[in-house]
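Quick heads-up: it's one chain on its own, the form predicted alone, in structure tokens.
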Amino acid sequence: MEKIPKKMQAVVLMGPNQLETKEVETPSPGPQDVLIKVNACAVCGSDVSLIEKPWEAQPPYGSFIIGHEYAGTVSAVGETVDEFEVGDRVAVEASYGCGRCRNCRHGNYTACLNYGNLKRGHRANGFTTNGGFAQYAVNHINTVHKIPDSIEFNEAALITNLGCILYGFQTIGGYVVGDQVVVVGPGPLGLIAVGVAKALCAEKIFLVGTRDSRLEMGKTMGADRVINVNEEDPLKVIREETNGIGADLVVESSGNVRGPQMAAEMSKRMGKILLVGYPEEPAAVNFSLLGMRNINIYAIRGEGWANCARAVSMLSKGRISLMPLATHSFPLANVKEAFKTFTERIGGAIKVIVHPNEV
């Protein structure tokens, strides 16, 4: 059995846009926890945002280890844990609700009413508690999922992304079979939304964006029609190619301030809009249009309703592959370069993976 060191290397947020790799105490699992040796941790847009400006209930500077998209192997288990064994290959999800508020009791743990209240049991690794840009991380067993050998760790680190999109598709009511689906914004979540729509047998999938390289990746993920807004009017194309009806579902993942209104204009009567990207500033939306056309808007956060488990199943059965999205990898010592590569999209970067045990 591998000896667990008393100290480990971890990426600590020291201040706004200040990351430092430091030696810290290796955490120990509680009674219902497992200690994970982190093999891969992905950079997410949420990481970039909270590094720049603190999020709700974020731990103090100088003590907070960032990162919420990670996978690895179980190195130790808590005293009551019999669901996992040392050596298990696992992926994680970020949120463990308090388990005692009304939302958690209804299964809505990503919307825990005790968000950030550690005394009441809420944990969100990488947001309100320490995360995965470290050699080791502690997770409650409810946030851990075994993965088969067929899923590489780089892909497993993206399971939270897939779980988020599956949560969104469940939130809108599921059933995409035969639907016309538009995805706006070919970022990681948008590209995964294309793959999920394909796996769920959408009739036709449109992908709208501004970069040809991302649109080409969209084809790889299953898009039937890509629209570069610099060359074509997406509203005109979608109306023409849906016989004037519009889309059954529009997934708005661009985060552009004009995105929600454009999604409304693309929707058919009784269409649905799923928001997975959010503008930093208030967005203008014509609510009269929404009302007159009976269009419904759904917003999600996180990967609720056990959808990371569904994501593992979908990957293990080969219904979707996330490997094309894992474009760049770095050791932990190069974490700043990893973030620069992600934010500046250097070399066509989509998802950038950090390997904490390669220091």
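It should be emphasised that the depicted structure is a prediction, and the values quoted were computed from it without experimental measurement. Numbers follow the displayed sequence, beginning with 1.
The same protein also has a form predicted in complex with another copy of the chain, omitted here; what follows describes it.
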Handout entry: in the predicted bound form, the one of 326, 51, 295, 332 near another copy of the chain [non-hydrogen atom within 4.5 angstroms]
Key = 295
Exercise for the section: Name the stretch: of 195-203, 229-237, 212-220, 182-190, exactly one has residues whose heavy atoms fall within 4.5 Å of another copy of the chain in the predicted bound form. Expected result: 195-203
Handout entry: another copy of the chain contact in the predicted bound form: residue 141, any heavy atom under 4.5 Å
Key = yes
Problem - residue 64, heavy atom within 4.5 angstroms of another copy of the chain in the predicted bound form - result: no
Handout entry: 4.5 Å heavy atom contact, residue 60 to another copy of the chain in the predicted bound form
Key = no
Handout entry: Close approach of residue 112 to another copy of the chain in the predicted bound form, 4.5 Å, heavy atom
Key = yes
Handout entry: Joint contact, 170, 173 and 260 to another copy of the chain in the predicted bound form, by non-hydrogen atom at 4.5 Å
Key = yes
Handout entry: Neighbours of another copy of the chain in the predicted bound form among 43-62 [non-hydrogen atom within 4.5 angstroms]
Key = 56
